[in-house]
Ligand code: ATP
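Next up: just one chain, as C-alpha cells, the form predicted alone.
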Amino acid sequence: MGRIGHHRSPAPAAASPRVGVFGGTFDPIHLAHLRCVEEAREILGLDRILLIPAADPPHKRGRSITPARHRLAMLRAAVRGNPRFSVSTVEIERDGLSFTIDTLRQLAAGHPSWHLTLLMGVDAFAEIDTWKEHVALFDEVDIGVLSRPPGPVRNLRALAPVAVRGRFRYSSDRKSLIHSNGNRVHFLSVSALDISATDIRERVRRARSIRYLVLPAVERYIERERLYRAEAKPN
C-alpha cells in the first residue's frame, strides 16, 4: 500500500514487512477466523498477520458486546506460539468509535516501512461503502477479500462501490482488480468453515460443547471467566 495520506510510492523494497490487517469484534475468536487469515497469508505472501479487536465497532451499535479485556485475552491466547500472528490494541486504546481508516492511518504513521493489506470477508466488502472514508481505503491500501468456495461473482468490478469502480481495471489473470495508483483488491477463496461467534455464544449459553470450534486455550478462558452464560461474572 502507499502510505496513508500520500500518493502511492514505488513498490516496497523486498525488506519491507508485508503485514495483513484483520479487525473484528472477535467475540470470541474462533477457528474460521484463524484459518481464513492463515490461508490469506499464504496466498498473498504476507510476513505476518495483525489481528485487531474493535473497542466500539460502529456497525454493532446497540448490541451487547463482551468487554474488550476478555476479547483481547482470548485473542492473545489464540495466537500464542504462532510467530506470524500478533495482536494489536490500537483500537482498544483509542477513544471513540473503531473506524478502520483511523486504524490504518495510525499503523502507517507508527510503522512507515510496513506494506499493509487490509483483510475482510466478502460480506463486509459488500457493505464497504457504508464505512467512514471508504474511498480513501481504496486509494491508500491493498485489500484482500475473503470468500468461501465457489467464491464471489465473476464480475469482480461490480463488487466495488460505485464511487471507485471506474478507477479499477482487471489484473491479467482476472483474479484481482488494480487501482489506477497500483493498489490491488485481491479476491481470495478460503476454506468453507461454517463457524460463527453467534453460534458459539449460544452453545455456551445452552451448556453445549464448543470443542473444535475454538482453540483449547480460548475454550478454557471462556469456561474460567464464565463468559456467555446467564450467570456470567460481573464485568
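Start at 1 with the first residue shown and count on from there. In this text, all values refer to a predicted model and were calculated from it rather than measured experimentally.
From this point on, the text means the form predicted together with adenosine-5'-triphosphate (ATP), which you will not see here.
Checking K132, R157, R148, H111 for any heavy atom within 4.5 Å of adenosine-5'-triphosphate (ATP) in the model of the complex turns up a single hit: R148. M120 is the sole member of I92, A73, I128, M120 with a non-hydrogen atom lying within 4.5 angstroms of adenosine-5'-triphosphate (ATP) in the model of the complex. Relative to adenosine-5'-triphosphate (ATP) in the model of the complex, residues H30, L193 and S196 are all within 4.5 Å by at least one heavy atom.
adenosine-5'-triphosphate (ATP) in the model of the complex comes within 4.5 Å of no heavy atom belonging to H179. In the model of the complex, no heavy atom of R174 sits within 4.5 Å of adenosine-5'-triphosphate (ATP). Contact annotation: R206 falls outside 4.5 Å of adenosine-5'-triphosphate (ATP) in the model of the complex, judged by heavy atom distances. In the model of the complex, adenosine-5'-triphosphate (ATP) sits beyond 4.5 Å of every heavy atom of A40. Listed stretches are 41 to 49, 179 to 187, 164 to 172, 197 to 205; the contact stretch with adenosine-5'-triphosphate (ATP) in the model of the complex is 197 to 205, by a heavy atom cutoff of 4.5 Å.
Contacts between 36 to 51 and adenosine-5'-triphosphate (ATP), taken as any heavy atom within 4.5 Å in the model of the complex, involve only C36.
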